[in-house]
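This document starts with one chain, in the form predicted on its own, laid out as structure tokens.
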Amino acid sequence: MPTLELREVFKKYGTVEAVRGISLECRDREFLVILGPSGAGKTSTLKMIAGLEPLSGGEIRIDGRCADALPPKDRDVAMVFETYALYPHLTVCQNLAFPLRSPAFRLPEEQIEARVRETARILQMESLLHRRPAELSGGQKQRVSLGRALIRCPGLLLMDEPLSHLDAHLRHRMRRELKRMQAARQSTVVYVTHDYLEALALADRLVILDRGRVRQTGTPSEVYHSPADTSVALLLGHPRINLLSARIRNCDTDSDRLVLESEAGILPLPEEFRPLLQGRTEVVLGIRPHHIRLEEEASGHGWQGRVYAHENLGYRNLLEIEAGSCRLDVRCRESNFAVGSDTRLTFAESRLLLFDKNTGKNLKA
């Protein structure tokens, strides 16, 4: 399977810069996910890889050779679009076989039939082959759209938010099927999404794209637990990470305890943070909702708080806690706290994140 490399790739639409000099690499048989909010430049990047959009600058290399001047049909690339793009008058079987009957392939009918049967088996839709798109559910249509790309046996498979129109249950099931399919076919995949859960579940590696620039590249664990900056931290997780402005106290001498003072309260920090904070007076403190523990006793070590809102989702509880003059999101498995009750907040110290006040960069990264 081929590799993919983007070198300082730019894309402009008139005066608008959609992609601003991004560089990334997709390795052989890797499932690479590009994650970012709307307007980040994800789809533009995918279209340039496929050859559907010309580059405004930079270079794209597929399997080691420059692909900038190659037409889409010569790139050994298949693309799955956000919309299903199925031919409504054709059956599932005919939709799957359509790419193989194009001038680029011209395969014998027996080979076409064999590939259709194999693709239908992999995607578990043998019983759907004689139906038309109007007779299919959303998940079934998505599998046909995916199968039409897979049947070509492309070297590189591109997917542009293919699950965004499905309900939550179907998205969950299709995520598993995609991973199973990729492992079975040993495909090289570049997948675009704005859904962080989808990205974490599917990716071998993640590329975080924001405003046309790469913010961070790494494994799901690396990106989630050690985000490069506050924009990456905010993109991953629900509820979002809690970010609080904090002043540094008592870090002038080795004998003083390191303390952060925020609007929510005073927080002693482990000594390991001292080298990161020398010469600084202010930082941004990051605490993910599931790294906060709630104690029933309102007095003692930790921040004092009061429950402002409580959502019981069955398998977990989401709470909004008033602490000082700010509100913090907390996620926990079990909670008996009623709205208006007092509580105490303690934290997993090893999971605390500190960001530069001006640039938003992670001080630990």
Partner chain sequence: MNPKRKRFHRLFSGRKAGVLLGLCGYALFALFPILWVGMMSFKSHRDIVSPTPEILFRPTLENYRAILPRSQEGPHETGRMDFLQCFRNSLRITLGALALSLAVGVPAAYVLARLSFRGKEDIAFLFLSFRFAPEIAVIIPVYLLFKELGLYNTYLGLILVYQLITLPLVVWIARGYFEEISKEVEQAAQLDGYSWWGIFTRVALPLVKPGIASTAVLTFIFAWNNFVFGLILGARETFPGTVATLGFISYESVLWGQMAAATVITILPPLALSIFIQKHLVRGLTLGAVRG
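Since this is a predicted model, take the numbers as computed values, not measurements. Residue numbers count along the first chain shown, from 1.
Although not depicted, the form predicted in complex with the partner chain is the subject of the following passage.
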The partner chain isn't shown here, but in the model of the complex, which of 208 to 216, 74 to 82, 261 to 269, 276 to 284 has heavy atoms within 4.5 Å of it? 74 to 82
State yes or no: in the model of the complex, is some non-hydrogen atom of Arg29 no more than 4.5 angstroms from a non-hydrogen atom of the partner chain? no
Considering non-hydrogen atoms and a 4.5 Å limit, does the partner chain approach Arg148 in the model of the complex? yes
Answer for Arg185 alone: is it within 4.5 Å of the partner chain in the model of the complex, judged on heavy atom distances? no
Does the partner chain come within 4.5 Å of any heavy atom of Leu70 in the model of the complex? no
Residue (of Ala50, Ile60, Ala40, Ala323) lying close to the partner chain in the model of the complex, criterion heavy atoms within 4.5 Å: Ala50
Looking at Arg121, His130, Arg257, His89 here, can you tell me which has any non-hydrogen atom within 4.5 angstroms of the partner chain in the model of the complex? His89
At 4.5 Å, heavy atom to heavy atom, what parts of 129 to 168 sit next to the partner chain in the model of the complex? List them in sequence order, or say none. Pro133, Ala134, Gly138, Lys141, Arg148, Arg152, His165
